[in-house]
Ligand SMILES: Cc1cc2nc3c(=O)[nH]c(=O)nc-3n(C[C@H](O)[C@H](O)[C@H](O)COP(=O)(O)OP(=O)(O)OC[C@H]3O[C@@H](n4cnc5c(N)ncnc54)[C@H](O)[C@@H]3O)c2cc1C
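Shown here is one chain on its own, the form predicted on its own, set out as structure tokens.
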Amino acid sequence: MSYEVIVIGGNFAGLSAAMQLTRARRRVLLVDAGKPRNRFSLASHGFLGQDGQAPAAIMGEGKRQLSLYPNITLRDGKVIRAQKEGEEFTIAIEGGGEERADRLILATGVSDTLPDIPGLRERWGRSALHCPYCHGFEVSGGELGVLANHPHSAHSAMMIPDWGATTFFTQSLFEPDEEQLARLTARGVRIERSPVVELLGDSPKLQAVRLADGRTVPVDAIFVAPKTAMASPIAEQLGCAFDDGPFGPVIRTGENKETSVKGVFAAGDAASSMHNATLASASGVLAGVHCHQSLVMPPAG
């Protein structure tokens, strides 16, 4: 069967894109590998109308609502290959089967690479966090840390005091410059230059961090921005252009969310350097709307 649009990824961005197209009465296939980036978090916060809900519950309800429309097909599976053949696109799904469509929307997400520190990975999404706007309120009032692992870490440390007493762990890699140091001091941020070598406590809770010099520092939650990579090779296979984001590559898109490959749109974390549930959903809406418009009003020539 040939579809008008295939959406790859059943996360906030992919589901939001599919909803616009399905309501436009287009034949849509949504393929979801079932491994969203936020699967480690117990709840999604700051998402209007969904605050405190588990990400899996939000996505499950989204799929249920989509399934009520007669013109969408929902399929579990991992897309392992995609290519453009003339004016159509063909995808291959792991385990067998190919599907064709006039347009593709990539909501393939990113994968996180955390600093190699014992105790960090098992606390990821619980007491080791990436976004204060997503998780800061839940850990507010405690002893908070910011683990430096990129040049913008000092900027993150300046924000965190709004949620609690903050220690900036430079890891002896990202020393604040004079201006940053003045701003951190004004915000009451403590600077710790001995590297964190271990997270301590009854996981997934965090009680303290051990430093390279042997000291322990009480910490209830620690913020760290992981390096990111594409969670799927599909965009690269299709020849999409990438930009260098602050944490990793980002699929290049125009204002209409179309990539450098005509007929391929992208949304969500894979196509943005700002990662947030609401922003992912909004970008999916834009991708779905503009994808529909490209079917209705294809550019001349």
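Please read all numbers here as calculations on a predicted model, not as lab measurements. A residue's number is simply how far along the shown sequence it sits, counting from 1.
If you look for the form predicted in complex with the ligand, you will not find it shown, but the lines that follow are about it.
Annotated contacts: Gly34, His45 and Val79 all touch the ligand in the predicted bound form [non-hydrogen atom within 4.5 angstroms]. Within this chain, Thr259 is remote from the site of the ligand in the predicted bound form, having no heavy atom within 4.5 Å. Contact check for Arg103: no non-hydrogen atom falls within 4.5 Å of the ligand in the predicted bound form. Heavy atoms of Lys227 never reach within 4.5 Å of the ligand in the predicted bound form, leaving it off the interface.
Remark: Ala17 does not count among the residues lining the ligand in the predicted bound form, judged by a heavy atom distance of 4.5 Å or less. This chain appears without its partner; in the predicted bound form, the one residue of Leu120, Leu206, Cys134, Ala148 with a heavy atom within 4.5 Å of the ligand is Cys134. In summary, among the residues Ile234, Val250, Leu29, Val264, the only one with a non-hydrogen atom within 4.5 Å of the ligand in the predicted bound form is Ile234. In plain terms, the part of the chain that comes close to the ligand in the predicted bound form, with a heavy atom within 4.5 Å, is 36-44 out of 251-259, 36-44, 238-246, 66-74.
Residues of 114-142 lying near the ligand in the predicted bound form, listed in sequence order, are Trp124, Gly125, His130, Cys134, His135, the criterion being any heavy atom within 4.5 Å.
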